[in-house]
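Only one chain is included here, represented as structure tokens and corresponding to the form predicted alone.
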């Protein structure tokens, strides 16, 4: 099958030097790309500016982007021919309304930025999802984790949502390990142990492929 997979952060420029970003490393998304490829599938990996080597597996095509708008354009191009979509990227919700053409100079004690909302990649593509396509999203929550993750599942037309909690030591951004909870619209809840991200990726891929097979 063809897999669309987004990974890493997005950077939203303020000026030629500075940007608004987040702490995502892309490690989980890249591990998922490797796991899908190892399972025999073709992967389009749309990657934000992660400091990771480009995957070498011949079944993985990597598309490098920087901003949310660029990631949306690349994902929208790949989505129609992909059977499974996996939205593992940490996309910036907002971007500066204006990008200064030159470096913003220090002046005064405060700096006010006007931010505008970015396109919601998963939700926008979710409106176009066909019955035979399968969508997987990620949620990083700090409180009421499962309730917020399930709300995201419904709002973005996901079939599975992968929940990370900042309450779990050793999980989430910046770690080589992760612990996730997989949630489905029909009430299935599966929680992994704290494992290397490569092992968690294999578990997620097996779960997603098994769920997809029920609907295919």
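Positions refer to the first chain, counted from 1. Given the structure is predicted, the values throughout are model-derived calculations rather than measurements.
Below: the form predicted in complex with a further copy of the same chain, not depicted.
- By the 4.5 Å heavy atom rule, the three marked residues 21, 111 and 140 all count as contacting a further copy of the same chain in the model of the complex.
- Checking 175, 148, 64, 57 against a further copy of the same chain in the model of the complex, a heavy atom within 4.5 Å turns up for just one residue: 148.
- With a 4.5 Å cutoff on heavy atoms, residue 73 does not count as touching a further copy of the same chain in the model of the complex; it lies far away.
- Residue contact check for residue 98: none of its heavy atoms lie within 4.5 Å of a further copy of the same chain in the model of the complex.
- Although the partner is absent here, residue 77 sits far enough away that none of its heavy atoms falls within 4.5 Å of a further copy of the same chain in the model of the complex.
- Residue 127 falls outside the set of residues with a heavy atom inside 4.5 Å of a further copy of the same chain in the model of the complex.
- In the model of the complex, the residues of 113-138 lying within 4.5 Å of a further copy of the same chain by at least one heavy atom are, in order, 113, 114, 115, 116, 117, 120.
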